[in-house]
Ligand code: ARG
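First comes one chain, alone, set out as structure tokens in the form predicted on its own.
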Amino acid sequence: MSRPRRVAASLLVAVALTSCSGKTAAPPPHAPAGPVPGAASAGDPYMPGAGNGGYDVQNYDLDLRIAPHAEPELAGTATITADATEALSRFNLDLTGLTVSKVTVGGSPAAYTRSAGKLVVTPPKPLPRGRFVVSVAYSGTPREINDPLLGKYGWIPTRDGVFTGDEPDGAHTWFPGNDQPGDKATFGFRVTVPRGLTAIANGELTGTGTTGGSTTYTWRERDPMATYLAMVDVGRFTVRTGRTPGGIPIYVAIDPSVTTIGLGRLYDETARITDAWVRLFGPYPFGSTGGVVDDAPVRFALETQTRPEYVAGIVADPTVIAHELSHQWFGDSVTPARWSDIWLNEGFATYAEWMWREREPGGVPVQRQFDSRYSQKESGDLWNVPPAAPGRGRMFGRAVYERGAMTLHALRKKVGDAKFFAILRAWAAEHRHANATTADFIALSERVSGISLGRLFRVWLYGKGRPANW
């Protein structure tokens, strides 16, 4: 996420062990004797109550009918394929506000109740460990989240449609799921909107069809994605598609009312930056790149997977595009397991932003950008907040972004350019499409560099006060 010049714990995937005879091995001695309720939270203190336990989602298929500014605005069916990691008597899905009309598990009707942002599902019979499918039919008008610490996000109405900006936990405003970054899944979207409007989602557009007064757009994201990176933007857009010079499919769209950047420039900048990051960070991790510029009444850009979202007020600076596209490697493909590790997203993307600013005509060297911040001795928001433990209220604060980037530059100066960029490429390659932690990054950095880096990371990521030596 780009901010204006302003994790949940990973689910453990239990795999049934099979002997040569094909019989299922006995559960470990500490396993419960029978089915139990799935945990009602993923246990991340930064997002109390968000996420759930007892299962690992494999795929979401979302069939959505969206009629902007109508009532109900949204009618949908979410079909969720998941693996139960323990025998379940019931389980929870995150969902806020919308009316649920039917729930099935394995095709059979299931009982359900609502409780504090949760849909509590009791299947017709307990679920053994292994694959199951739950389907939820729901409708209503989603409501945006207005958090006193994190601001406005989630389902955001626009002049002619809808903008969905879900970080950190806004996905549950428009579809049921396990709304925490530690449970990534593939996604399918079938979005029906009034004729004349365009529906844009993650992944690749696999089909369109118009019947009467409605058009249906089908999108598919085949690579695992955290729920906060899911997007459906609806409105009147001008669209351009093609391939980057390096051969990566590209899809960009702009609301015609936006005048701060043109479609051609968005296309060219996206293509140029994507290819540059491939050369620096390694193979592009997804099937396509792109971007959407909407007229949403928010002040952030967001790294929604394959297709970052921008708004008119902050898209004109190409470093914003560089920031969001670098997230495709750092944040989208390699995703933190807990929100306390968000510097692994934002510190990396801010450093990419600095590197892009250095490349531009009349650019500012990265070292000078580092020095300008390091010279700010009295900046409490920079020096008194540890980037790897910022607290919920500072998740999107300056220390996570700028001191996180400074940590990477300190690492670069310590190990040298060759090993530094080898570390970034190894990080993107070894944790591709997975979740990772700060401890994982420290261990990888020491392994690749061959240098003990404990003090550097301790003073830059966990200490308070301006680091004096490392």
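All figures in this text were calculated on a predicted structure; none of them were measured in a lab. Quick note: we count residues from 1 along the sequence shown, nothing fancier.
The following text describes the form predicted together with the ligand, which does not appear among the structures shown.
Only one of the listed residues (396, 267, 370, 277) places a non-hydrogen atom within 4.5 angstroms of the ligand in the model of the complex, and that residue is 396. Distance criterion of 4.5 Å from any heavy atom to the ligand in the model of the complex singles out 346 from the list 346, 255, 221, 183. Interface membership of residue 383, defined by any non-hydrogen atom within 4.5 Å of the ligand in the model of the complex, is ruled out. Of the heavy atoms in residue 307, none are within 4.5 Å of the ligand in the model of the complex. For the chain shown alone, residue 153 is a contact residue for the ligand in the model of the complex, at least one non-hydrogen atom being within 4.5 angstroms. Remark: residue 301 counts among the residues lining the ligand in the model of the complex, judged by a heavy atom distance of 4.5 Å or less. The stretch from 259 to 267, 244 to 252, 321 to 329, 75 to 83 that comes within 4.5 Å of the ligand in the model of the complex, counting heavy atoms only, is 321 to 329. Along 154 to 186, a single residue, 167, places a heavy atom within 4.5 Å of the ligand in the model of the complex.
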